[in-house]
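Below, in structure tokens: the form predicted on its own, a single chain.
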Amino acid sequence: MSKTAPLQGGERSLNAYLFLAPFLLLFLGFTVYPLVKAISLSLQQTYGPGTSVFVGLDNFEYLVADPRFWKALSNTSFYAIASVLVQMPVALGLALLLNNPQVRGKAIFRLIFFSPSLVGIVFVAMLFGLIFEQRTGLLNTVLHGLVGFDLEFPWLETYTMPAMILAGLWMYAGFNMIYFLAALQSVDKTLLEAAEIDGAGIWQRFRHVTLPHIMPIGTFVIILSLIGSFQLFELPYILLDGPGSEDRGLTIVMYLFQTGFEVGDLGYASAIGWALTIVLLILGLVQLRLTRTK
């Protein structure tokens, strides 16, 4: 029987490049080229897709002094921090409830709590728009029937950010619950039993045994939620039909969209995008640092 001759060095290199070619082509086409194009656009002022003028760093200088950008950054930051402070305790509480061995029907409760994250953020925005609508909204109608509340009360104009935070809570609490539930199920039961034998109460067992074990997952979920919140766009855009009254629902991504696709200045929109990239990069580095520390 004849033996197959071993591949020479050149043939091995050729085969390696052939296997890498699909990835390299996709990486160059969908990652490298858009990044280079975004850098190029951020140094130009455009008037639609066909006309542009090179302006250097003027877009970034204008960005620093742009009050709408700082309004968008302030709104986005407030939503991100408030959402984390509201969602994390609720998600952890639901996980602790479902991790209790005395609770029956856990599979059904998991499905109920997790199902809002399956319907999509557009549906959630439309649903909460119907709830907070003036006159015909569910909330005003119910309150009017119970206590004679004013049907014309504008919830989305008066309490713009709380409405967005509540909608985000309804959608993402069950999703974050899954992470915490997985972390709780990995806690060593023998440590909990030993702490209970030593006389530790429920709070002491949670603080000194459970919490340290789930902190790495908790850190990951918090950073993931912050990164997702800084990319918020669909929820306020549909819920408020734009940035809302006095730009109370304006986010960074919405401002980028308005600048690039409604105004037509893709150059300034690209500069806004790079500012958002820096924020997300900082959050990513924080996550990496905390993960290594843990």
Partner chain sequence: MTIGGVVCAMVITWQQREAAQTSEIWLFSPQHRDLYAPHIEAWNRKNPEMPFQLSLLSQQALERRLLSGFFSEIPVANLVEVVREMAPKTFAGPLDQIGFVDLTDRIKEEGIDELIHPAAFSPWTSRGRIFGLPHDMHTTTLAYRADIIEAAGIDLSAVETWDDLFEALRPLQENVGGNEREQVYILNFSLTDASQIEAILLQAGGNFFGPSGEPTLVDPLHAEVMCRLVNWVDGPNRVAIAAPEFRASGNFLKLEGLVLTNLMPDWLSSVWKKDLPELSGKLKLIPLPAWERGGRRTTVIGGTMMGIPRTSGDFEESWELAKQLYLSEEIAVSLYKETDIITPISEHWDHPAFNEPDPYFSNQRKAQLYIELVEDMPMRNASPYNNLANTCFQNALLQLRDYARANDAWDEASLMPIAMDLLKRQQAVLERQMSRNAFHSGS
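All figures in this text were calculated on a predicted structure; none of them were measured in a lab. Residue numbers count along the first chain shown, from 1.
FYI, the form predicted together with its partner chain isn't displayed, but the following is about it.
Contact test in the predicted complex: Phe123 vs its partner chain, heavy atoms, 4.5 Å: Looking in the predicted complex, residue contacts with its partner chain do not include Phe123, since no heavy atom lies within 4.5 Å.
Contact test in the predicted complex: Phe261 vs its partner chain, heavy atoms, 4.5 Å: Yes.
is_contact(Glu196, its partner chain) in the predicted complex, heavy atom dist at most 4.5 Å: No, Glu196 stays farther than 4.5 Å from its partner chain in the predicted complex.
4.5 angstroms heavy atom contact with its partner chain in the predicted complex for Asp188: Looking in the predicted complex, residue contacts with its partner chain do not include Asp188, since no heavy atom lies within 4.5 Å.
Listed residue (Arg110, His144, Arg205, His213) with a non-hydrogen atom within 4.5 angstroms of its partner chain in the predicted complex: It is His144.
Proximity to its partner chain in the predicted complex, single hit among Ser115, Thr136, Asn100, Ser74 (heavy atom within 4.5 Å): It is Thr136.
Those residues of 66-98 which, in the predicted complex, come within 4.5 Å of its partner chain by heavy atom: Contacting residues: Asp66, Pro67, Arg68.
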